[in-house]
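Take a look at this single chain, the form predicted alone, given in structure tokens.
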């Protein structure tokens, strides 16, 4: 046993003293911090304005589109103003979104983003009451709102700066459609005149970027309305006959969705009027909803309502599954490379002169496990540290996530499944390393092993959505995937039979894999030349079994 510990200490020190190990360890909090801050900075500073040209040949939709653009902008103003208020509110007026508050906040909308419940619910309120944004867009409207809340804000604060406009209705470029009658011109002529600006062959005034989009509404737009029950004979021709949205950017659909929504709402409003229905009354009816909440029968009597905290707990294991995957893949890959390197450099022969193959193998397992444990501790300390630093008025969900992690029982389960998964996959990769003479040979086996190890990543979202479904239940009883799947199901209270039964099977598999890998390790550690074929490996294992 003393030889195993000496080898374990050697393995740990050789890996823990490398610059790459510490760089990777220190990069985790940096990446975590940047993943929170960079999107905020990009949203405010780097996102370019989207200039678009609108040609409404029908003369019926330009006003409602401009109104939709203004409401979209004022919505962003309101959200940034909310962040400003959260950041600079006096302590006595501050309402913190604590874990207790989330426990008392029912999840009344299944679409609310669990990572940012305040922002998602704020969007929901604005979508249901867009008239509020019209008042804000009036001259002096924003100043009046700021003055109303000034008494609740700290004295030493910067002035509120509204965000820049990202959707800009640009005029038709000079000379682009000169001599063209826009009311009667064909859309081919209109597109031909504007296309050089879309392709960045020409630039529009006030922007260095190319024109983002051209929107053309035909003069017979109302004849292109699709009503319920109508069948399309030629879907492509019908699509071309309607509103056309021209853009080279096929991923950013905010502008297209805003314009389409504005046009459809106006078409519906006119339909209501044609049927002698009051559009405002209909809109009020459409925004009328039944109170709806989810309940969990597993919770205590009187506390069965599903809260926002429950939603965060439900999705938190997904992040742990990803961390578990990265951790196991990193340490077993480290174990594989060390074994192959020592074998190719003949270091393994020196070790065999003073230790048995089992002592060498167990020492490597213990040493690399220590490296993995150090990495895990560093990651979680970094995670909690960054979340504590970020937890504040602007990112209050970070503080809530800390409390959910600390009180949800996820950390002990993570440690258990990390140890179990490490034992299973370490046995596999250690056996592979003992049979290979070079890293190139090991990579051939690594490809298959990596594909097998990718399955938990492909299925982790589906399992979180249906933790007791057929897929989750089946993968639970596949020992290679049990650590990841049960980690994912942890927040859904899996049946005790699945929890205990799969755990026993997982530990038995780990023991069997270590036993099998020890036989392969003893046989392959001094082997040179090409790796043995599968049949040859089976025969060698049978022979070693008979000689025991």
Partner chain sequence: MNDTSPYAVELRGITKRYGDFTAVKDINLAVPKGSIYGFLGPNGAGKTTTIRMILDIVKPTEGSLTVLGAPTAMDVRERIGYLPEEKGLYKKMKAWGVIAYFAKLKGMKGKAAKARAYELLERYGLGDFADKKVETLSKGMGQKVQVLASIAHNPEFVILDEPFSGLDPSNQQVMEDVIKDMNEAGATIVFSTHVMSHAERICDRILLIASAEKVFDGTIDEAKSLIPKIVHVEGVEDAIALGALPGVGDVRNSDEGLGAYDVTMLEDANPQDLMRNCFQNGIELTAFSYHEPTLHDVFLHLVGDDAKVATLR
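Numbering follows the first chain given and starts at 1. Only a predicted model underlies this, so the values are computations on that prediction, with no experimental measurement involved. C-alpha atoms forming the largest set that superposes within 1.5 Å between two forms make up the rigid core.
The protein also exists as the form predicted together with its partner chain; that form is not presented, and the subsequent description refers to it.
With respect to its partner chain in the predicted complex, the three residues 7, 353 and 356 uniformly fall within 4.5 angstroms at the level of their nearest heavy atom. Here the chain stands by itself, but in the predicted complex one stretch of 269-277, 169-177, 339-347, 196-204, 339-347, has heavy atoms within 4.5 Å of its partner chain. Residue 522 belongs to the set of residues with a heavy atom inside 4.5 Å of its partner chain in the predicted complex. Core-superposed comparison between this form and the one not shown: CA of residue 347 displaced by 2 Å or more.
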